[in-house]
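Starting off, we have a lone chain in the form predicted on its own, written out as structure tokens.
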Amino acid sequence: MDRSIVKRYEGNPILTVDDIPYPVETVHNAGVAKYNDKYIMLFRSHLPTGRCILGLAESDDGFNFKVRPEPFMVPATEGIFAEYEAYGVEDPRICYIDGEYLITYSAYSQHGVRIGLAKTQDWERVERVGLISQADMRNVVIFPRKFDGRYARLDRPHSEISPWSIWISYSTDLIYWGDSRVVMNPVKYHWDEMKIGPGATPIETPKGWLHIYHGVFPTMDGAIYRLGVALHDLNDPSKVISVCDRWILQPEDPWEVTGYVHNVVFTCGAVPREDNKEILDAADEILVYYGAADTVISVATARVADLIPGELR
């Protein structure tokens, strides 16, 4: 791995349980977006019961965050959402499209894990829209642009069928999804051979949609979660133009190697460091937020030109 591609922030970790004004055991796996010149971070935390909620933190510079005094989303207590969120809400991703912020999250219950969809315009009020997958499904990211009038998403069936691959699906209304197909598979005896899954919301660049994903490798001491990068065609996101043959980030810092789950770096959000441009140039810099060992949140920076993979592996 070329350590000059992705540079860890020297002040990592940027968010720990000591920063949370209510009782939690972890803080990790955060979706991030820009809103009114601020960075909005929607993060996952384990409660002392072991179940998960979503908190919200804000920052002016993308590095120093202040957490709001109350959680942003907790498992619903009424309606159909109550049944399917009973065990917790986890791993949010954020997509800004059509003047709204869409939030996809994993909803856990006795029925398995499904994907919930919520939305907000002001990060003060949040509205649940629907449950947009069957069980078992995780890691859904929505592209921030429509294709021929349809929304597109990357997802990952939570099973060994296919196995543990990244799929694409389409929808006209965000509720009913179909026209699904596999777009990426794990590679045998490779750093991501065990399973892969969508990570951050794809970012539009002149060369294609930049998608930072996670890959898992099994070892005698347990699995290692690393980050990789793929490039999708601008007009047909089901077409993967290239995939970097190497990981771009792996567990190395002490809080990445040891924690609630050892040897994990896991991203749910990456955003431009400067103005929120619709299409990034090669020289633009991205902030990559990632959960470390399912315990704390860290951030790293990278230039678009350095992240774009050259060839389809």
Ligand code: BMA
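In case it trips you up, residue 1 is the first one in the sequence shown, and so on. Note that the coordinates shown come from a computational prediction; the quantities given were computed from them, not determined experimentally.
In what follows, reference is made to the form predicted in complex with beta-D-mannopyranose, a form of this protein that is not presented.
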| query | finding |
| --- | --- |
| Position in contact with beta-D-mannopyranose when the complex is considered in the predicted complex, options K195, H232, H158, R114, heavy atoms within 4.5 Å | K195 |
| Residue (of L249, V264, A30, A270) lying close to beta-D-mannopyranose in the predicted complex, criterion heavy atoms within 4.5 Å | V264 |
| Contact of Y105 with beta-D-mannopyranose in the predicted complex (heavy atom, 4.5 Å) | no |
| is_contact(R226, beta-D-mannopyranose) in the predicted complex, heavy atom dist at most 4.5 Å | no |
| Any non-hydrogen atom of E85 within 4.5 angstroms of beta-D-mannopyranose in the predicted complex | no |
| Location of beta-D-mannopyranose contact in the predicted complex, chosen stretch of 57-65, 256-264, 35-43, 279-287 [non-hydrogen atom, 4.5 Å] | 256-264 |
| Those residues of 137-157 which, in the predicted complex, come within 4.5 Å of beta-D-mannopyranose by heavy atom | R138 |
